[in-house]
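Let's start with one chain on its own, the form predicted on its own, as C-alpha cells.
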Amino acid sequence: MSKKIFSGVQPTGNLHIGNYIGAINNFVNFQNQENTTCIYCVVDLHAITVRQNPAELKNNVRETIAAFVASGLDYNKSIIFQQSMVPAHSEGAWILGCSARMGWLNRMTQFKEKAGKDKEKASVGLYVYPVLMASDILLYDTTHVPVGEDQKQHLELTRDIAQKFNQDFNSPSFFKLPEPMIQKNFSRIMSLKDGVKKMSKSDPSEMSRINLNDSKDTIVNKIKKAKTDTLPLPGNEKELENRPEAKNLIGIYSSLSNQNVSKTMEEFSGKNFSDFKNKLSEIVIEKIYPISKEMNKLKKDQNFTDKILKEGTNKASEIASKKIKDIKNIIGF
C-alpha cells in the first residue's frame, strides 16, 4: 500500500536539535521509503498566529529550507514548499471551518496553553489554526502524518472535520482519514536547562537548546553547561524516571547514535556526567555540525532556496488546487 506523508515546520528561526531528532531526521528517512510520497511544508501562515517581524519571517523561511536540504531532504524526491504561496490552503481552511464545530475547537488544549489566562486577547488565528492544519493535511489526500504527542489532538480534529464533511455532502470517501505516525522514543527533546520543559525555539535562553547552526565550540559549551544531577549515570531505564535531565541527555545520545536507551545505559552505567558529556559532544558535533556548515552555505545562495520553493510550490499547487476544485463541485459553488 502506498503512503502519502504530510508535515509542516514553522519558520520561526533557531531550528534546534529537538526539531532535527523529532521531525527533520524522520522526514529524510520517510523520503527514502518505497511507495511513499512526502510533502513538507514551511507553514508560514501558522507562524503569523503570533506577531512576526516581516523581514525576519522572510529570512526564516529560507533558513528552514536550508535546514531541510542540509539535513538530507532531496527536493527532487519530496515536495518542499511555502504554505502561503498555495492559496488553496487558506481557501480550504474557510470551507472546512464551516464543517468544524466550536465545541471541538474549545477542547483543543494547545490553544489554552498558548493563550494563557487572558485568552480574550489571543488572536482568532491562534484559535482556529487547527482548522488550517486540517486543510493542509486533507488537500493532499494524506494517509499518514508524523506528529508529537502535543499535536495528536489536532490530527484527531482533522479526522473529525473530514468525516463531518464527507457525511454532510454524502461523499463517504472524498476526504481520506489520515493516520498518526508517533515516534515512540525521544519525540520530545527537553530543554538543556530544565529537563521537564520542552526544548523550544522561543526560549529566551540560547543555553536551553542546541541550534542547527551552532558552531563546534558553542555545541561543546552548551552541553558542558547542561543541567544534570549529582549522581552517576544509572544502569537501567527505571532509575531514569525521576531524573529528567539525565533522561533527556541519554535520549539525545541514543537518538543520534541510532540505538536504544538500554544499550546507552550499558555503555555509561556508573560513569559521571563529565565523561558522558564529552561523548555526547562528540556525537552531536559529528551529526549536527555538518548540517550547520551546509546551512550557512545555502543561506548565502538565496536564488537556490527560492528555486526550491518555486518548484515545490508549483507541484503542491497542482495537487491542492485540483482538490479545491473538487470540493467546490461537491458543495455547489
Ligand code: AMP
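The first residue of the shown sequence is 1; numbering continues from there. Quantities reported herein were computed from a predicted structural model and do not represent experimental measurements.
One more form of this protein should be noted, the form predicted in complex with ligand AMP, which is absent from this view; the next part is about it.
Residue contact check for Asp150: one or more of its heavy atoms lie within 4.5 Å of ligand AMP in the predicted complex. The closest non-hydrogen atom of Val9 lies within 4.5 Å of ligand AMP in the predicted complex. Of the heavy atoms in Leu157, none are within 4.5 Å of ligand AMP in the predicted complex.
Proximity of Gly18 to ligand AMP in the predicted complex: non-hydrogen atoms within 4.5 Å are present. Residues placing heavy atoms within 4.5 Å of ligand AMP in the predicted complex fall in a single listed stretch, namely 188-196, out of 258-266, 95-103, 163-171, 188-196. With the partner removed from view, the residue among Lys227, Lys201, Lys176, Arg243 that has a non-hydrogen atom within 4.5 Å of ligand AMP in the predicted complex turns out to be Lys201. In this stretch, 68-88, not one residue has a heavy atom within 4.5 Å of ligand AMP in the predicted complex; the partner itself is omitted from this view.
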